[in-house]
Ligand SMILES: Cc1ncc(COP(=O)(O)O)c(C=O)c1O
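One chain comes next, on its own, written out as structure tokens in the form predicted on its own.
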């Protein structure tokens, strides 16, 4: 009875708070000639509001307090998540910022979405939030149904099996293990290891610990655990001082922009990279370290928002088939709708795009989909994911479908990219190579110092952006980011760029 009364009070409080500050028309738009028609968004603010510098006094106090406990070198500022909502993040000093970075691309439908708050206050979900089971041995009764309702309802083409995990790194780490196990079973012709396999693996020796490899690409980011780090090549600081494997690293295409003006050069660049992939596979086989799998991001995110054409990825898929390698598509940052399709690899137009697709971030839980033959029984850890995240994801998917958010992403992304095109034409000495798919957009800045200055000044004016690569600004808004949010951002971004002209 107490729970029912409490949740009723909470629901009333929540809806009063979210309904009261409804969006008002954003007038006086300096940047765009035709502001977009906007719908009511019940849980959004009407614009940024800055009270202090960032980090403000309270954030700095908390930084010192936390610094006595753990490393705070990467902390930007402290947040007031209770006051944050929609596309706006509020910090502990009361600064309200339009968030186009969303916790490193991991917030699907904005802060404190009413549908998710309602889910938490539903007493039928209480046990799922209170009890976190060891899913590999003691899953709850509704676990198969909830997987079907959430993850399997968005399974990539040709895949009906999913393995849940906690985060992106452990998703990729265990996907690599699945690839290795599959590859060795294929070499044996059966699933039963020999006595020699069993004895040598205990002392880190072959054949039990085989000298096989994963091919990755320069500029890639797949995580910071040991196996993933061997395939991560975006920043030296990630890898410095950590032992690694002798695995092949292929060049990723470096496209020239605008694409329509460099179609021949870009096709040659992609062809060169594919030839290098095939040469490396042959070379590593000759070294006695055969390539069991190829891993790639559909868009290299952390490495600088590097794109390649559908033809490149189709060629890569064919090379994997030809040489008997598993093809692993890492959709940790690109999955969940941010490119205008639920999976970025859907833009390739392939019926059989991958053998393994890993995910995390906007899907709120980690894990990977895989073909039946890549389903070993030896993938295991204590939690193997979290059933409460599947509840959230199912509701997120309901919101995406109900509000046609993928179409919204396509519209907003077009407005954002067109705005970036115009700004790079207006500030050619600062911006270049604007690019993107959906709202998964980026633009390069003339140098690293100017990029960092722009990021800082944008934050001071109430816009949170992210950097990647050597000098790139990346845009990672939530799926509820609409055209009028684009125009709010472009106005502020224009002001910031004018200061650097």
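Owing to the predicted nature of the structure, the values given are computational and were not obtained by experimental measurement. Positions refer to the first chain, counted from 1.
Just so it is clear, the following notes concern the form predicted together with the ligand, a form of the same protein that is not shown.
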_Candidate stretches 252-260, 280-288, 219-227, 151-159 - the one whose heavy atoms come within 4.5 Å of the ligand in the predicted complex_ = 219-227
*Would you confirm whether the three residues 168, 172 and 330 all fall within 4.5 Å of the ligand in the predicted complex, going by non-hydrogen atoms?*
yes
*asked:* By the heavy atom within 4.5 Å rule, which residue out of 355, 305, 297, 99 makes contact with the ligand in the predicted complex?
replied: 297
*Of 345, 361, 317, 389, which one comes within 4.5 Å of the ligand in the predicted complex, counting heavy atoms only?*
361
